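Let's start with one chain on its own, the form predicted alone, as structure tokens.
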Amino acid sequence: MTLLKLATRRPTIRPNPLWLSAVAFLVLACASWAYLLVDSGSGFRELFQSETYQQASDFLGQLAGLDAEGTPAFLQWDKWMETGALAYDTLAMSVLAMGIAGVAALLTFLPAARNVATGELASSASLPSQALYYLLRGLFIFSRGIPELMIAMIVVFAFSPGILAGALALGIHNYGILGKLSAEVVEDLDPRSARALRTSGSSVFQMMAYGILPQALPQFLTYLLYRWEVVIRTTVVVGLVSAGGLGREFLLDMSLFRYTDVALLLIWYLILVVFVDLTTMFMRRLAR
């Protein structure tokens, strides 16, 4: 009777998380497109109107200086010099922001790793180490959960508008991102070298300095350089709240309809992005 029950028992069907995720994505995508097609205020219908493309063509012509009175700003050397100083401030803001985020993450990502705090590489599963682990993890979530623009709006009230306010806003936000990614790198490391140092009588500090940090540091530098590439593009958003750099000038020129000046600022942003991308590519090769 037992064998008969085992033979007639139906196999349990377990849902595949990958398929469930794909189905959920398709449902949400279809719902989003249905909302765009049905709702008249979504702006989807304006994509097929000739007036939209005419306005876009006029705006691009104003950026190129086709209807400008006098010489366009991007053909004036003194304008290049003035905006070049702002571009330097923007680059300095991004470097200072990554310095703040990098130093803070470097000092805190090791105790924020589970295997170092409470796992196999922990000296002892003590209550203070567990409390520090959850505190740092919560700090990572809090700092990366608030957008840079909101942090900049708060920081500007405490500090005078300028490069420092924007760098602090960008640094606080990227600290959470770098800390989380670096802590997960430590959790995925091969623990054999660290365990060998620990069993040979090394202290916890020596184990972290010689067994864990050398393995995690190249990936940490890679994440740091990648975030710098993102930050140089985000400085314009932070600059909109008077945090300095090209962003504040961009908002001013758009408000005063100085479109050739806006085009010059866009050219400077492109130069900065290309410069940072080439610099990080070279530094990543050195880190390997």
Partner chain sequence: MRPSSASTTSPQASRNPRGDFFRGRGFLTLLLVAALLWSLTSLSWGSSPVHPGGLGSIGQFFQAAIRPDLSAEFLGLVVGSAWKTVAYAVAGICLAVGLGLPLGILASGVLARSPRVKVPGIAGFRFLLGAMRAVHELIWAWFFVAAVGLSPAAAIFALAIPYAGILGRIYADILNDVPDEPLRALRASGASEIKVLLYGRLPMALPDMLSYTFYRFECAIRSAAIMGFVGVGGLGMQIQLSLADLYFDEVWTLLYALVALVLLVDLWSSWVRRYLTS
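Positions refer to the first chain, counted from 1. Predicted model only: the values in this text are computed from it and were never measured. Heads up, when I say rigid core I mean the largest set of C-alphas that superpose within 1.5 Å between the two forms.
The same protein has a further form, the form predicted together with the partner chain, not shown here; the description that follows concerns it.
Novice: Though the partner chain is not shown, can you say which of 132, 96, 86, 209 has a heavy atom within 4.5 Å of it in the predicted bound form?
Specialist: Result of the distance check: 96.
Novice: Based on heavy atom distances of at most 4.5 Å to the partner chain in the predicted bound form, which listed stretch, 74-82, 135-143, 190-198, 110-118, is the contact stretch?
Specialist: So the stretch in question is 135-143.
Novice: Is there a heavy atom of residue 260 lying 4.5 Å or less from a heavy atom of the partner chain in the predicted bound form?
Specialist: So residue 260 does not count as contacting the partner chain.
Novice: Is there any non-hydrogen atom of residue 203 lying within 4.5 Å of the partner chain in the predicted bound form?
Specialist: No, no contact at 4.5 Å.
Novice: Would you please decide whether residue 128 lies within 4.5 angstroms of the partner chain in the predicted bound form, comparing each non-hydrogen atom pair?
Specialist: No - in the predicted bound form, heavy atoms of residue 128 and the partner chain never come within 4.5 Å of each other.
Novice: Heavy atom to heavy atom, is residue 254 within 4.5 Å of the partner chain in the predicted bound form?
Specialist: Output for residue 254 is yes: heavy atoms within 4.5 Å of the partner chain.
Novice: Could you list which residues of 255-278 come within 4.5 Å of the partner chain in the predicted bound form, counting heavy atoms only?
Specialist: Counting only heavy atoms within 4.5 Å of the partner chain in the predicted bound form, the contacting residues of 255-278 are 259, 262, 266, 269, 270, 273.
Novice: Just checking, between the shown form and the other one and with the core aligned, does residue 25 shift 2 Å or more at the CA?
Specialist: Yes, residue 25 moves 2 Å or more.
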